[in-house]
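In structure tokens, one chain follows: the form predicted on its own.
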């Protein structure tokens, strides 16, 4: 059977979710800093996180395809008002913090490209995002930011060109606890897992499936989106960790800023590598901004029963449009205070890790509900993986804040 170009375009939702969700500003810094601190020792965490987000994204997309309802809509119906409200509050707080950090990342990337003042670019970046969200159709947002974010593959090329110690990198896939500073090591492990399974990813992904009008016939497309998109995100995360180990650890540099991370591609690839890295970062954090602001608007509208969806024009879903506009304004107000976007993201990742059970337990319940799912409910493999990752999620939620305090937010 011939593979049609349209089939590749239909994978844009998964690519946008992966580039803008799996590899956002927090993952850029967390993965690179993990490599710069522990070399290749944390490589094993990334495939675990990738498989986890694939399992639950596929599950949430299947819910959307089988029932025609997004995850938060189903969660509200399945778990009741109180549990739904708790999940809503937790998700909105984390979404707002994450959105503020992503907007800051957009401004930093634009500053690296233009040299203009940071605060001016914050305002211009938010205005630009608002115009894109208002005018551009969702399918074209997916394609523009998803495929633009593929410039991030320059880090994969850089990782190979740097000639890392592949034997040591291979050993890094064996789970273990580092002997040097085990508390900091565990903080990074929890942070990497939490960042990989951030709740807004599945909220955006399932709502995007409803916007794309998925039906039970699209269950296969959903699975392909989840596997291809998030595997790509995992590949980029591994590349960032290798660059962190091969460049920054070797030279004793702490990559605390986006500009520093981009220099990791410049060393082996020169000016072209640096430019592609910055452009890729811009599309990645821009895509993450779209994921996050839509996720916040989706969740509130679905919980309150409002009309929602970008496939409707703003006049067709005015409260939905007003919600994402207000979220953009609030996020801009937060980052205009001068708070460091990278540090803000680290806090958002840790707090989202605490909220993981509020998202993933209801998804597992809904995916097993025959009234919602019919013949598309979870099978033995999906349930086994879902339960295994539920244990992982609970461990992450319990350990996140104590490790944050012990390590002084990873500064120890």
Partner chain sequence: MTKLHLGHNILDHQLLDKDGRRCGNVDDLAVEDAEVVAILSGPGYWPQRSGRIGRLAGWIGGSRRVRIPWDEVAKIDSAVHLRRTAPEYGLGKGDDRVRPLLERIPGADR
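Numbering follows the first chain given and starts at 1. For clarity, every value in this text was computed on a predicted model and none was experimentally measured.
This protein has a second form, the form predicted together with its partner chain, left out of what is shown; the following refers to that one.
This chain is displayed alone, yet in the model of the complex one of 80, 115, 175, 338 has a heavy atom within 4.5 Å of its partner chain; that residue is 80.
A single residue from the set 318, 216, 148, 268 has any heavy atom within 4.5 angstroms of its partner chain in the model of the complex; that residue is 318.
Considering its partner chain in the model of the complex, the lone stretch of 193-201, 97-105, 296-304, 240-248 in range is 296-304 [heavy atom distance within 4.5 Å]. Highlighted residues 86, 134 and 137: every one comes within 4.5 Å of its partner chain in the model of the complex, counting any heavy atom.
Not displayed here, its partner chain is approached by residue 308 to within 4.5 Å at the level of heavy atoms in the model of the complex. When its partner chain is considered in the model of the complex, residue 372 lines it closely, a heavy atom lying within 4.5 Å. Not displayed here, its partner chain is kept clear of residue 259 by more than 4.5 Å at the level of heavy atoms in the model of the complex. Taking non-hydrogen atoms only, residue 73 approaches its partner chain to within 4.5 angstroms in the model of the complex.
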